[in-house]
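This document opens with one chain alone, in structure tokens, the form predicted alone.
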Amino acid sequence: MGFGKATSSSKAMKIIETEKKISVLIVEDDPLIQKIHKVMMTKFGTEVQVVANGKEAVDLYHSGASFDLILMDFEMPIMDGFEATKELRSMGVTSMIVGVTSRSQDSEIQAFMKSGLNACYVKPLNAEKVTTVLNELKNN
């Protein structure tokens, strides 16, 4: 019986090893938050790319890039998260987009959500929030 368990365990490991990594785009203008979120997402085994504003995110999608998850800051120069999310959704982007904001007023978060977000969290992300997001992504 012990042999059967080891075989099952080995098969499970192979499935995990060959499973496609989740790709994440971090859209954030603050270099410190960029680093915090990149380190955290990398620890969860994701492939991460970082851009500094919404226009760069939209341009990436125009060039053919795609991601499983987009972490979208609200306030950024050039194009904010609200406009970038609306633009991405109008382009047909179906990736999970999670707003990340320093704003905590319900009215501002609700307005950001209406732009097409799947969820919204107050900065910075922590392990519990990331786990929730990744589990939701895997279950959809």
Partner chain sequence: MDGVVQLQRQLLDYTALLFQEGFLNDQFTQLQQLQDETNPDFVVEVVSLFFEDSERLLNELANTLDQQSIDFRKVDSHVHQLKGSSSSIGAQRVQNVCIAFRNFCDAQNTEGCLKCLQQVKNEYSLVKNKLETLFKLEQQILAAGGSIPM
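Keep in mind that this is a model prediction, so the values were computed, not measured. Positions refer to the first chain, counted from 1.
In what follows, reference is made to the form predicted together with the partner chain, a form of this protein that is not presented.
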Item to check | Answer range among 29 to 37, 90 to 98, 49 to 57, 110 to 118 for contact with the partner chain, defined in the model of the complex as heavy atoms within 4.5 Å | outcome: 29 to 37
Next on the checklist: Can you work out whether residue 131 and the partner chain are in contact in the model of the complex, taking contact to mean some heavy atom pair no more than 4.5 Å apart?
Outcome noted: no
Item to check | Close approach of residue 43 to the partner chain in the model of the complex, 4.5 Å, heavy atom | outcome: yes
Checklist entry - If you check in the model of the complex, is residue 86 within 4.5 Å of the partner chain, heavy atoms only? => result no
Checklist entry - Hey, in the model of the complex, is residue 125 touching the partner chain, heavy atoms inside 4.5 Å? => result yes
Checklist entry - Taking heavy atoms and a 4.5 Å limit, what residues of 94 to 115 are near the partner chain in the model of the complex? => result 102, 103
